[in-house]
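Only one chain is shown below, in structure tokens, and it's the form predicted alone.
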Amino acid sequence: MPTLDELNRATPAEFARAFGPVYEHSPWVAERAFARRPFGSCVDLHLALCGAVQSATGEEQIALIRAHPELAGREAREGALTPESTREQAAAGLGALSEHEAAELRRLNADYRSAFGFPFVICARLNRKDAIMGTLRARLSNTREQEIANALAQIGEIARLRLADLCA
């Protein structure tokens, strides 16, 4: 992790390379936050990143949600998750699902995507597999607008924790 002074002097490409992974497959968030330099702390950086998401268009926010993989989904089975997502899903116990649990999660993921048009997003690091499955079931009864708000809030938590890892 660069120092704050180095961070504030970084080129746009260096900044995006360092902080692009904070938002899954969405380096545009870091690119937009770059314009808010100088940062006095990691908290300031986090606020700039959150501001970039909040000021994004609705279409960009949906694209950000869609950039996230399904929990224990195809990408996980194929070993194609980002290193961050791999660690987070494993920490939640999603890499050790029984055959029955895996089938149930696949069904719930499909129901959720069918209902809302994007994958279910939850901060896996703050949850265990049973809580994730229960939350997924409960959130299926929400409106699409509620789920957009929920997904963006969860993405914010994921980003906060990833940024804390980088700032540690």
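One rule holds for the numbers: they count along the sequence shown, beginning at 1. Everything numeric in this text was worked out from a predicted model, so none of it was measured.
There is another form of the same protein, the form predicted together with a small molecule; it is not shown, and what comes next is about it.
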Subject >> 4.5 angstroms heavy atom contact with the small molecule in the model of the complex for residue 129 >> reply: no
Original post:
residue 16 near the small molecule in the model of the complex, any heavy atom under 4.5 Å?
Top reply: no
Subject >> Distance check, residue 47 to the small molecule in the model of the complex, heavy atom within 4.5 Å >> reply: no
Original post:
So in the model of the complex, does any heavy atom of residue 147 sit within 4.5 Å of the small molecule?
Top reply: no
Original post:
Candidate spot 88, 120 and 162, all three in 4.5 Å heavy atom range of the small molecule in the model of the complex?
Top reply: yes
**OP:** Quick one: find which of 32-40, 62-70, 49-57, 97-105 has residues within 4.5 Å of the small molecule in the model of the complex by heavy atom distance.
**Re:** 62-70
